[in-house]
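Form predicted alone, single chain, as structure tokens, below.
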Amino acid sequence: MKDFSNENIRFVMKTEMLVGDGITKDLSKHLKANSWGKVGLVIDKGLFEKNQYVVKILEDLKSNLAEVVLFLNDMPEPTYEYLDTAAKTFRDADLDCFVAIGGGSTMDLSKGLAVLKTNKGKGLEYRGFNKVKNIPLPVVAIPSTAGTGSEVTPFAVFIDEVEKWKFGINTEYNYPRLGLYDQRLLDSCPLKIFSSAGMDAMTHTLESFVARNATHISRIFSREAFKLLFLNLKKVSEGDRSKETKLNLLIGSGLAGIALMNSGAGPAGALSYPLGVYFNVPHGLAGSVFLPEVIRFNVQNGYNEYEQLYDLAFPDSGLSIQEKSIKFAEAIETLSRELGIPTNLKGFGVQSEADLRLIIDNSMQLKAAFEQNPIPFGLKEIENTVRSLHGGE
């Protein structure tokens, strides 16, 4: 078991989190309390068309703020080119902040727009770490899915269509100033989105828990996130859409995001990137297919700390530590099936040897994530994992 007794810890949380049923109906009050009266508003287009609560939020903002410039995001996985195009909507507006209402892509897009509002040039110029020179406009992030945790992290992920590389604008400046958790925004969320977003958060919490850079504090967040996500995703798979379940999922995804940014990602998250870029698989689904296989690999090679998480979901099981860790991989795979997620790569359209090579050969772009795994995970392990998931049922 990892010894935390001699570690020096840096733990970061920079977002004020507001939680409550219907809390977003008072959004204009929260904005004016921060002297933000001129707003760039980015809303997920599908959400805007399907959820009348969002329309009411927009009406409130227009009635109570000095200026609202609206952009409807219709790009599920935004590219740098799309970011540049969206920035033109706000180019001539004098804004105090950006407000994002939507899933991870909409929140990431808003962070990118906040950067481009105070920094000249195209979005691609700021890809990577610490390339942003001028402090971006503040961002208020309001998730409509329980998944990415983007409302509490500084990362903004975009796809470079030329290089076929998914890598973001990452700057300490880009932590959202406010994050609002309102379960009413999940009212129009279908099972497919609950599943994709929820398993994205699950990947975050499990890989942050085992990461080499995990700390005693980050693991507190990982454990609580896992408990909220696992138990409430089970409920969702059974048809539960209660206020409590939706709010628990929102909080769980936020805690998972906090844990991830204070520890590290891992192989499942890294392998999801080429699957998303080349096969148009949503990020959460892409990560979930690799997660049980990575867990099995770690357990087979002597890592058994998953038993701590197994006990949170299945207390008093009477199993040994190793048995719990083995069963844990099965439990995560079963959850994916119950949520209707494919558990092999063929279910995502990966068919040929050339398809496999696209994933294998483009995975190491995020080498640092593989290095966070508690058991060494290199090119050989990547290839074995990908081929194993292609040969399944």
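Because the structure is a prediction, the values reported are computed rather than measured. Numbers follow the displayed sequence, beginning with 1.
Although it is not shown, the form predicted together with a small molecule is what the next lines describe.
Look at 331-339, 42-50, 358-366, 56-64: in the model of the complex, residues with non-hydrogen atoms within 4.5 angstroms of the small molecule sit in 42-50.
Not one of 203, 220 and 234 is positioned with any heavy atom within 4.5 Å of the small molecule in the model of the complex. Proximity to the small molecule in the model of the complex, defined as a heavy atom within 4.5 Å, singles out one entry of 186, 83, 289, 249, which is 186. The single contact residue among 121, 190, 318, 302, judged by any heavy atom lying within 4.5 Å of the small molecule in the model of the complex, is 190.
Contact between residue 266 and the small molecule in the model of the complex is not found at the 4.5 Å heavy atom cutoff. Using a 4.5 Å cutoff between non-hydrogen atoms, residue 128 does not count as a contact of the small molecule in the model of the complex. Remark: residue 166 counts among the residues lining the small molecule in the model of the complex, judged by a heavy atom distance of 4.5 Å or less. In the model of the complex, the small molecule lies farther than 4.5 Å from every heavy atom of residue 208.
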